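The chain that follows stands alone, in the form predicted on its own, written as structure tokens.
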Amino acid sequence: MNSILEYKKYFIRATENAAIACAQLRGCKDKNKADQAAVNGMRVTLKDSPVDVRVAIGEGEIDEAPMLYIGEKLGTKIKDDQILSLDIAVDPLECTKNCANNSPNAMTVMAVSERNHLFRAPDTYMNKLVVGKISKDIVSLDYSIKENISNISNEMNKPIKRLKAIVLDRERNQYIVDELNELNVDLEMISDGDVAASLRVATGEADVYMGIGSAPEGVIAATAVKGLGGFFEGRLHFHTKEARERALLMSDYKVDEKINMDKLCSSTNSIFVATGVCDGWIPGVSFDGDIATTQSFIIDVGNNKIEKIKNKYSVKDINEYILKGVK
């Protein structure tokens, strides 16, 4: 069986080109403009790469943003029996508002796996629970918030008031915030960026991430957390009746059941790739005249390894390449 690592350079290049394209728009105050630049960079690069890729789950339907759409096929080797057919879960620009405001943790991200091994669902919401290696066997979405926090505290031998919890700042998560405050947990609210939040928990910078965020980011984050040896569990949360009906048509699972990370990413022949746009968990793109320096992380799920990659590119060359591909 082909290893997905044979193709990693093409996916790294796709996130790098997307990052360079949208990093030039940091602080522009227009999140869709930044998102479109990232989409263009990623799509053009993958379209030109010698791969056979299908978008299993994409981003953009909820807010009608630019997107790589579900079912889209990319690459110059589509239906080539000599190479591995792959699926991607993708967010060309995670934290669009952060890029538009030049705030931390904007990044270009994707999860890549063998065909039919990434969870497929419409762009809806997902209730998520993430912990690191130490706590992975003692938490569940089926438990109450209090029970999960108590279990983490006991397992880590750490007082509850010293536990670091991250929650996405949305009205739908207020019940979680209220209970965590009542328990006196050290709570960090984030405006966006639940992929970065999951990575921070899986690498030990925080103890738990919980709450309802976007489903595409859930699949992407679950792949990364799996490669880092942590715990990720999700349950779809539908914002419309139509999203629920579409989910029923797309997959053979029971849509109200919790989904563990081995369902979200069912093959160890998988990778997570991310390139920083704004400084944060991953350093953002830096510019020195015409030279852009990118910093990326790739997580090899099968070998539980994380690799840091730094590259330099001509901004002019990247812009001309993307513009030509879009035309």
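Model, not experiment: these values are computed from the prediction. Start at 1 with the first residue shown and count on from there.
Keep in mind that the form predicted in complex with a small molecule is missing from the display, and what follows is about it.
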{"query": "All of R26, P92 and C99 with a heavy atom within 4.5 Å of the small molecule in the predicted complex", "finding": "no"}
{"query": "Proximity to the small molecule in the predicted complex, single hit among L168, L228, L86, L74 (heavy atom within 4.5 Å)", "finding": "L168"}
{"query": "Sole residue of D207, D123, E233, D192 within 4.5 Å of the small molecule in the predicted complex, by heavy atom", "finding": "D192"}
{"query": "Non-hydrogen atom contact R172 with the small molecule in the predicted complex at 4.5 angstroms", "finding": "yes"}
{"query": "4.5 Å heavy atom contact, N127 to the small molecule in the predicted complex", "finding": "no"}
{"query": "Distance check, S214 to the small molecule in the predicted complex, heavy atom within 4.5 Å", "finding": "yes"}
{"query": "Residue stretch of 214 to 222, 174 to 182, 134 to 142, 241 to 249 approaching the small molecule in the predicted complex, non-hydrogen atom distance within 4.5 Å", "finding": "214 to 222"}
